[in-house]
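Here's a solo chain for you in structure tokens, the form predicted on its own.
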Amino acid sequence: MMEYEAHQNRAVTLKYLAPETVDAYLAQCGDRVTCVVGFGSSPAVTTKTGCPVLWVETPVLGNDAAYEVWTGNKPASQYQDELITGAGNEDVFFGCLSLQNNAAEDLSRVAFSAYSGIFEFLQRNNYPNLIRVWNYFPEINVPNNDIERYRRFSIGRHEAFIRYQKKFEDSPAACALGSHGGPLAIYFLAARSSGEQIENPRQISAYSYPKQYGPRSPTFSRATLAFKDAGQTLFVSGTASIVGHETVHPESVGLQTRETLVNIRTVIEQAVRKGFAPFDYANNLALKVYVRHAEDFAEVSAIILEEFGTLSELIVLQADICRADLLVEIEAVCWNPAR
């Protein structure tokens, strides 16, 4: 149990695992497992432990499939209703949902339904603080009724925030990526304690983007600093090569990767100014990397290795990104082991 017990000062812990190792880890963690997400071109075999798995049809570069496993530091109870499957303890809740959609359907309505369901769940179950959300759906850059599907999604998400009287400045960290098929798949982390939103001074806040990026702005913060009293954790949103509100280096995946890492470091620096203590990258930083083109895998991986060294938690997926001129996006989770 040493590997799992080593991180029990954290409110939540993340592992990226190959299919051949996931069952042993799930068995080891037992009732502290809160969320399991699978990635790959086709669904892998269901885990032997019987843990529910949200499957995202997104190829894993360097492997056939991979699992993202979240655990808490306290026993969790399973939950399921007509929309949400998840697990939570007295501090946190992870929820998963998937809604079918097709290219002809108005994705804004599907997104509004999904986020309305999430907000209603949070109100009913006393997890009032939405900390982090992950969104995946196919054909993200394809027009839907003359508006790109990502922008349709942003409309529905935005309208749900308005409907439930949420302040955009309190938006959670988030990402939205283009899967290679399947439903709109969403998973989220909510908590009883509030987080603190972090913005990047190099970028305009996403919820303040000009109208050229769609009728409704994307509703997320650059990062959320959570669990300040126990296992302080920084959730960095999907981050790309954007300065101000504009894409930079549209023709170079290498330069985009380096610009993205500058943005991630800048967000971390802002969190440090708000009380997040410096940390050891090798053991307390997890990265999930999305590349648009599989042939860019080696170049992007080499730059990340140069920047951070060998990380204990790193996964690279092939996915479409929310702007057609973006070639790479990176998200991060950082822990402060001193708390």
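Start at 1 and count along the sequence shown; that's the residue number. Remember, predicted model here, so these are calculated numbers, not experimental data.
As for the form predicted together with ligand 3EB, it is not shown, yet the points below apply to it.
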- Note on the structure: Here the chain appears without its partner; judged in the model of the complex, the stretch of 71-79, 240-248, 123-131, 104-112 with heavy atoms within 4.5 Å of ligand 3EB is 240-248
- Query: Though ligand 3EB is not shown, can you say which of Phe93, Phe220, Tyr136, Phe235 has a heavy atom within 4.5 Å of it in the model of the complex?
  - Reply: Phe220
- Query: Which of these residues, Ile198, Leu189, Ala87, Ala174, gets a heavy atom within 4.5 Å of ligand 3EB in the model of the complex?
  - Reply: Ala174
- Non-hydrogen atom contact Leu17 with ligand 3EB in the model of the complex at 4.5 angstroms: no
- Query: Does at least one non-hydrogen atom of Ile315 fall within 4.5 angstroms of ligand 3EB in the model of the complex?
  - Reply: no
- Using heavy atoms and a 4.5 Å limit, would one call Phe168 a contact residue for ligand 3EB in the model of the complex? no
- Contact between Tyr209 and ligand 3EB in the model of the complex at 4.5 Å, heavy atoms? yes
- Query: ligand 3EB in the model of the complex: within 4.5 Å of a heavy atom of each of Tyr150, Arg157 and Glu329?
  - Reply: yes
